[in-house]
Structures are given as structure tokens and as C-alpha cells.
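Taking the form predicted on its own, here's one chain by itself in C-alpha cells.
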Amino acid sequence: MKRREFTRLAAITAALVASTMLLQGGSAFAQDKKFKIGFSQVTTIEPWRAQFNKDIIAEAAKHPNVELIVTDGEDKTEKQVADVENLIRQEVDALLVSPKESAGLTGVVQQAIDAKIPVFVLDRNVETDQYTQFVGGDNKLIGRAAGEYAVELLGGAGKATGNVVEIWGGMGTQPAHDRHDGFHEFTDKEPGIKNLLDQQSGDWKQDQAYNLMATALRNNEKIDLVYGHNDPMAYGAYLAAKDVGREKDIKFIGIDALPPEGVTWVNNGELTATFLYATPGAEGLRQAIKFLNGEKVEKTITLDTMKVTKENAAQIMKDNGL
């Protein structure tokens, strides 16, 4: 079974770890800092997460009075819980957390709240509303946009027909459920659309999506559209289809729209479309600093989205120096 570009993640991760170590190395000058802010990231492996960290580290560099401590949960709930517990012991002035699983991180987030640490939840929610602020995209809205476009690609409202493969993100995450629910608000209205898989999770990862798609291709002679809950999974499905010569018969839709990833794949004609899911790192840090400076912050900040197709992908790449 062939794999393409999986190893590129290693280079991204190495660069990210180096950046994080440099950032934490500055803690020797913590006495000159006004605020110590902890950020618990779930993983540094996924490209969107790597960009997330890059954005928050770049924002921290603009604030010389802030010491930012970044931890890597290594895609394990128990590791991320331990990371947050450690940040609580360090008595951070604010905690930013992007959970692997909503339920799995709720308890330790509540510990931080009980310790009077303001908590800013980024991207994936937790099962309490006592945090200071949530910053992230509207996953249900993005799912709706993807579902509406899928119906358009398959023939239009009231006429759409086709076999759809949906590859879920993590089953224990609210974004995956929201992206599913929003998508099906449109596709379920179309009796001609058939869903071939029942909640098959690729855990947000390209190689797992490749394997799921390879199986779907073996079991189904006709697949018309793939909806991946993120771009790496949509691209993994594309590679699986390409390896058996069926990629030209299938439309591929993803979510994230990172310029070097999803936008590039759309521009290359590998994905049909992607929908922007902006990283909340920079905005989350700005909001935390605002709060620590005594300013009021909103309970929820929703980041904007947009559809990326062949028509606008090249300009987005150009705007980002690609």
C-alpha cells in the first residue's frame, strides 16, 4: 500500500518542537515577565495543530511582558491532563487549552477554574460553561457549508444523487459531531444521496483516512464524493483513490484550508474544495492578555470561514507567499 507525503509531518513537528523549546528557554528571564500563560496543546503532529502553535508562538513574541509555556499532549488524553495539572501547579496567570476530548479534559479544566485560573478553551469545547472564554470556528456552520456544496456538486437541491463517503475526525470531539450534523442538514434532504459508511473515524489523520478509503473502494464500485472532516483525511482518501486509478471519478471535500496543505491541494486539482477553519491560537492569546489587563472579554468568539475552490485557491496561495 502506497503512502505519499506522510513523512512531511516529521519535518513540521521537528521545526515546531524547536520553536517551542526556544520559547520555553526564555523562561530564565521570567522575572521580567508580567504574565505567565500556559497553553496545553493536544498534539503537534497534525499540520493544522502545527500551524496553531506557530500562530500562538508568533503572537507571544509581540508581547515582551508575557511568558508563554507550551505543552504537547502527544495526542493522549492522559498526557494532556497531566500537562494541565502541571500548569496549575506552576500557578499560571491564565490557561489556554485545546482538548483532545471534550469529556476527558473537563475535570482538569474544572480544577483550574476552582484554582481561580482564568481558562480560555480553544477549538474544542469542554463539558462545563464556567470557563472564561471559548475561541474557535463554528463547526456546524462549516459543516452546513460543506453539505450545501456537496449537494450542488451532486446535481443540486432536489435532484442530487450519488454515493458519499464521510470520514469522521475523533469520535470523542464536538467538532467532529458538529461537522457531521451540519453536513447532513443538507445531504439528508436528498433521497438520491446514499451514505456508504457509518461513523468511520480517521482520527483526523491522513494515513488512517487512506486505509478507510482503500477499504471503501474495495467494497463499493461507485463512490461519487468524499467528505473528510479535515483536509489531511480528504487528501488521504484522494491518495487511496489515485492508487487504484479512481480519483478522477470522485469529488473530495475537506476542512481547514491551510495554504500549504488544503489550499495547495485544491489548486492542484486534488481536492475539489476546502473550507477555512482558522486556528484560534493568536486570537486566544490576545484575549487572555486582554482579560489579564483588566478588560472585559466576550464569552464566545467565533472565527470566520470561507469556501476555497479552484477559482480562488491560487490567489490565496499568492497572498501567503506560495
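From a predicted model like this one, the values you see are computed outputs, not experimental measurements. The first residue of the shown sequence is 1; numbering continues from there.
If you look for the form predicted together with a small molecule, you will not find it shown, but the lines that follow are about it.
Between the small molecule and the residues G202, P175, G143, G73, the one pair within 4.5 Å by heavy atoms in the model of the complex involves P175. Residues within 4.5 angstroms of the small molecule in the model of the complex, judged by any non-hydrogen atom, belong to 175-183 and to none of the other stretches in 88-96, 130-138, 175-183, 216-224. Contact annotation for E67: none of its heavy atoms lies within 4.5 Å of the small molecule in the model of the complex. In the model of the complex, the small molecule lies farther than 4.5 Å from every heavy atom of D83. The small molecule is not shown here, and in the model of the complex it never comes within 4.5 Å of any heavy atom of W265. At a distance threshold of 4.5 angstroms between non-hydrogen atoms, F291 is out of contact with the small molecule in the model of the complex. When contacts are defined as a non-hydrogen atom within 4.5 Å, all of E46, R124 and N230 contact the small molecule in the model of the complex.
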